[in-house]
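Okay, here we've got a single chain as structure tokens, the form predicted alone, with questions on binding and movement later.
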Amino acid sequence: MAKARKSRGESMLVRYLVLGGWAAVCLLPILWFLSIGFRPRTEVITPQPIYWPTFSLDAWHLLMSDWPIAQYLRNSVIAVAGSVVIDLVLAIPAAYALARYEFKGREDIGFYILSTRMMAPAIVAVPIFFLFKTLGLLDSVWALMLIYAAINLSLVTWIIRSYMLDIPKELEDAARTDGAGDLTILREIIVPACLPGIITAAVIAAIFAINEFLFTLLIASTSNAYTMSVALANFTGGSDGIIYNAIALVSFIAFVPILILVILIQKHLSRGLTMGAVKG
């Protein structure tokens, strides 16, 4: 008994050491990147190694005084959150129809929806620009919201559909026997059953939207609609050259909201990443 308890303790110790090592591998680059944001620019670009860096708020003062970083962050949050909501409102009914209704060409339609995600964004950049110019939506956060939603809608639909295929049809048959309609079944049974998958799809859509640069630069012609991705590009040129400490600080600020979101929903996210993985 004592030997088994000792072996179990050693196994737990090895497990914690491995997890601690992996956490260090993941966190140290982030902390190092953050440390660049709080160092003087002269120390960042110097070719000589500096073992005892100097703490400086130069990059923070630059962001607060010369750059409306709060506005960029607000634009990013509004555009990304709005696009995710639009994607979920449209993708959930579409995924349910593709997963449950039997009609001619269902698989072809499903593949066509997914194939639109394989298209290079630059192909439709010019038509989209003239479309939004005609509608008077250029240089607005609402335009970015619609663009992000259109880009990620096919992927979100396909991901949610794969989770809905794992839900037993017997649950729906029992609900129909009790007189429930399709909308009631979707709202009361399907959505709660595949909620982790929906959350996973929403997080993936949010990450893709945050990283979108081409359409953001195309639509946002002034700083009124700039997001964090375009704000980063503003620190890579000009008479002062590349401002590395400001880039590092802005990147960390852009990274924090997604980190907090993933921490808050990690329970559902871990379940969602394992759902729909195995088909019988």
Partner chain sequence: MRTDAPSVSANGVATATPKPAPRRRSPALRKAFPYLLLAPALVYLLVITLYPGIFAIYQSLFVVKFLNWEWAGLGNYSSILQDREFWAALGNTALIGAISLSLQTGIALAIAYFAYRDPFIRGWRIVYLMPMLFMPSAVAFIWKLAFNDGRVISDLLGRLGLIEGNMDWLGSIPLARMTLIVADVWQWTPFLFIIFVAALQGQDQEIEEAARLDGASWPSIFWNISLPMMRPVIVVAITLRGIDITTMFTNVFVMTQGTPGGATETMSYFIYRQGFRMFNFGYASAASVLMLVLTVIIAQTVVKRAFHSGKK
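The term rigid core refers to the maximal set of C-alpha atoms that superpose within 1.5 Å between the two forms. Residue numbers count along the first chain shown, from 1. Note that the structure is predicted; figures quoted are calculated from it, not measured.
Keep in mind that the form predicted in complex with the partner chain is not shown, yet the notes after this line are about it.
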Do residue 64 and the partner chain share at least one heavy atom pair within 4.5 Å in the predicted complex?
-> no
>> Is residue 158 near the partner chain? Define near as a heavy atom within 4.5 Å, in the predicted complex.
In response: yes
Quiz item: Within a 4.5 Å heavy atom cut-off, is residue 90 in contact with the partner chain in the predicted complex?
Solution: yes
Next item on the list: Decide whether residue 98 counts as a contact residue for the partner chain in the predicted complex under a heavy atom distance cut-off of 4.5 Å.
Entry: yes
Heavy atom within 4.5 Å of the partner chain in the predicted complex, from candidates 141, 198, 190, 210, belongs to 210
In sequence order, the residues of 23-53 that place a heavy atom within 4.5 Å of the partner chain in the predicted complex are 23, 25, 26, 27, 29, 30, 32, 33, 36, 44, 45, 46, 47, 48, 49, 51
Report task. Using a rigid core alignment, state whether the CA of residue 26 is displaced by 2 Å or more between the shown form and the other one. Result -> yes
Per the comparison in the predicted complex, the residue 51 and residue 252 C-alpha atoms (change 3 Å or more) are positioned closer
